[in-house]
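One chain is shown next in structure tokens, namely the form predicted on its own.
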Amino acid sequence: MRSEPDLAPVLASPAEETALPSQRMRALQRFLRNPGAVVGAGVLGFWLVVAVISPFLVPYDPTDTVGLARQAPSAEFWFGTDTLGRDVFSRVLVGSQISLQLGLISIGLGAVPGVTMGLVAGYFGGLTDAVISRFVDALLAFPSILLALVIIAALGPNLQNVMIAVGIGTVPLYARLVRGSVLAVKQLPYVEAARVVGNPAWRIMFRHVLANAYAPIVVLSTLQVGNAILIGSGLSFLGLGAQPPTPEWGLMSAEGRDVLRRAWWISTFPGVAILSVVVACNLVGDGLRSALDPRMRVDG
């Protein structure tokens, strides 16, 4: 009997393989037709490049005193100096590395367990679904910032613990999103065909189910990167995240709050950097949602 090999074309036919790149190309074209998404992608790309090459761009050591305290922006110090005489421009550039790492790593820490939990709950259902869903509901009962504060209080205030705290706060978001997507996908014919072939459950979940539910995960991840940077910066602003002399944007904003009227540049420039990244992530996320969500597609 050769019935099982004959089912392979049902799972991945040449027509489907040909259609996939064209669908991605159409999604890219829809994304590029969205001015806000293109601007957001440009801003994010700018900060990513800055984060990579900032060690070669900074004119001064971001942790050393290089001038008088609270010098206004000038040709020598483009963004002025802070209360200790450190160059704000150098600190903002180097701070891009820390803030973007905070956003990306914390989202990774939340996405991996969250996606796995949602995938298992949605695919197996029954008691497994009930247990995981109740756990997710318990996490959702706490606001993200409150949950992060509790975790920081237990682990201690530093940048690594902020990443863990923010990541744990995103776990229920991924779990609920993926569970709903899996429930909609797992009954489709190609998944049934994969079961008939005899594929193990883990292969069906990751190879066939999750691969066709990636679009909402990508959109959520993009939006949550900005949210993670905002929460992380807020915790650092409160003294619960990055510790001095780390050039982290939230901490830099906090260091200038007491002299905001006399030395506005100390808090303003890192605050503008936070704002630009968060807004850019939201613009890109909205653009991806419009490009990838079939219900929002408007082909022109």
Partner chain sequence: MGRYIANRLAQLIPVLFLISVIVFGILHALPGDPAELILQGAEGGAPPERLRELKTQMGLDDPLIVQYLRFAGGALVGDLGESIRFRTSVTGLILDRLWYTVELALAGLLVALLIGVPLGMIAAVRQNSWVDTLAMSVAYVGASMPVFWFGLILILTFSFTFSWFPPAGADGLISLVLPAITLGFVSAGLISRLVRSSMIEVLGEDYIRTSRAKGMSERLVLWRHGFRNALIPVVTMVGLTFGGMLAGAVVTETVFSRPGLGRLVVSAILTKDYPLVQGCVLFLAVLYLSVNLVVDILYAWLDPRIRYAK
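Residue numbers count along the first chain shown, from 1. What you see is a predicted model, and the numbers here were worked out from it, not measured in a lab.
Unshown form predicted together with the partner chain; subsequent notes refer to it.
Looking at residue 271, you'd find a heavy atom of it within 4.5 angstroms of the partner chain in the predicted complex. Interface residue remark: residue 194 is not counted as part of the site for the partner chain in the predicted complex, having no heavy atom within 4.5 Å. The partner chain in the predicted complex is approached by residue 264, whose closest heavy atom lies within 4.5 angstroms of it.
The partner chain in the predicted complex comes within 4.5 Å of a heavy atom belonging to residue 260. Picking from 182 to 190, 140 to 148, 98 to 106, 81 to 89 the stretch near the partner chain in the predicted complex, with a 4.5 Å limit on heavy atoms, gives 140 to 148. When the partner chain is considered in the predicted complex, only one residue from 245, 55, 45, 239 comes within 4.5 Å through any heavy atom, namely 239. In summary, among the residues 120, 111, 230, 177, the only one with a non-hydrogen atom within 4.5 Å of the partner chain in the predicted complex is 230.
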